[in-house]
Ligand code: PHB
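As a starting point, one isolated chain is supplied in structure tokens, in the form predicted on its own.
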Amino acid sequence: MKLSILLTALATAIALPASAEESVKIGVILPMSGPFANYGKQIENGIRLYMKQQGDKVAGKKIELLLRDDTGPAPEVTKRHAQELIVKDKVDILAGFGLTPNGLAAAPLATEAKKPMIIMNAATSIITTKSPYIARLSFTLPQVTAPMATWAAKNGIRKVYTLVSDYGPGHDAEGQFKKTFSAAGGQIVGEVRVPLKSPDFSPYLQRIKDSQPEAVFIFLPAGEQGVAFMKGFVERGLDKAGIKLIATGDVTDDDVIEAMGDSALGVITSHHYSAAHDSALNKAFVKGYAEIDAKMRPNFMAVAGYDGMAAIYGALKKTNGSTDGDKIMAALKGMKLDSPRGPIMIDPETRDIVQNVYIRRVQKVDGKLYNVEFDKLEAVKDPGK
């Protein structure tokens, strides 16, 4: 009897670690409420679509998602969630991060705990330098801004006024546009940074109109601000004054472009994804997304959530299911994936994404507004590093 009890206890002791290894816990921190709630929903939908298509098991282990709401640009909330996920919930991987301040807040925790941290939107160039355990599957603002500046200079635009949101990504977009455009012989005739939360565009639009630039370059976080700016641009008569509007693709985001109405027609943007991207993989992605959420059109955040999960699955396959932070990061470096946006790679040196950037024009397709690609730059690295 004593031997039987001893063997049972031994079997239990051996079984416990094996049981703990049966799942991979991914702590996903996203804005699921507040003014940036659509960011979180898009990324979550992309994650769930990938898992629906590929299953919830990889390398013999079940994928378990633990979703937390950061409520918007709230670094202190994100930091608290990250700490709890690491210490209390024992997650193996952190993911999500819709906004730069939140990504920066979690970076030191990822380093300390040696937890891989997959960025699925936050776009300030510096983020991946803040921890060796960060890999980004979204984009950077310099990466999509430089092509816009190059296109503008090549197409006869010489005088530009810049308007950006006053936080990390806006500063990156402003700095990269000025650098690339000036190097190509262009002139910045004015610049302004607007508050991240609820800016009133009226005085800025009047100032831009009075400066008489040939074009205004803008970066605003995807969502309602782009709609408000676009309507103000037309109401204030900047279009009739002959001022062109050029921007990063955040402004004519697929999720809100219909709300802009015909005022958006003809706007030129540069970005790495459009729901209208012409590929079999993207058509399947868009169709699958509609089955997940018929009320929303997939945007660049959705595809980043989708590709972020593809990278996690790919890394786990390479490590045969090991969640060791260093092994996961080694597996991610240099990883190549076929994405609904086109071919992508994780730069082995910077752990940032390398991808095509497309020049697009807003036009109607089957009666609906889309960003239609008409030019591209292939395999663009982040010029901000």
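All of these numbers come straight from a predicted model, not from anything done at the bench. Residue numbers run from 1 along the displayed sequence.
Not on display, but discussed next: the form predicted in complex with the named molecule.
Enquirer: Tell me, please, which stretch of 122 to 130, 304 to 312, 228 to 236, 182 to 190 lies within 4.5 angstroms of the named molecule in the predicted bound form when heavy atoms are compared?
Expert: Stretch 122 to 130 is the one.
Enquirer: Under a 4.5 angstroms heavy atom criterion, identify the one residue in I93, V267, M260, A222 near the named molecule in the predicted bound form.
Expert: None of the others qualify; the residue that does is A222.
Enquirer: Which one, Q176, T252, T162, T100, lies within 4.5 Å of the named molecule in the predicted bound form by heavy atoms?
Expert: It is T100 that has a heavy atom within 4.5 Å of the partner.
Enquirer: Heavy atoms within 4.5 Å of the named molecule in the predicted bound form: does A110 have any?
Expert: Close contact is absent here: in the predicted bound form, A110 is far from the named molecule, nothing within 4.5 Å, heavy atoms only.
Enquirer: In the predicted bound form, does P116 have a heavy atom within 4.5 Å of the named molecule?
Expert: No - in the predicted bound form, heavy atoms of P116 and the named molecule never come within 4.5 Å of each other.
Enquirer: So in the predicted bound form, does F139 come within 4.5 Å of the named molecule, heavy atom to heavy atom?
Expert: Yes, contact at 4.5 Å.
Enquirer: For P213, is any heavy atom within 4.5 Å of the named molecule in the predicted bound form, or not?
Expert: Because no heavy atom of P213 falls inside 4.5 Å of the named molecule in the predicted bound form, the answer is no.
Enquirer: Who in 169 to 195 is close to the named molecule in the predicted bound form, meaning a heavy atom within 4.5 Å?
Expert: Counting only heavy atoms within 4.5 Å of the named molecule in the predicted bound form, the single contacting residue of 169 to 195 is P169.
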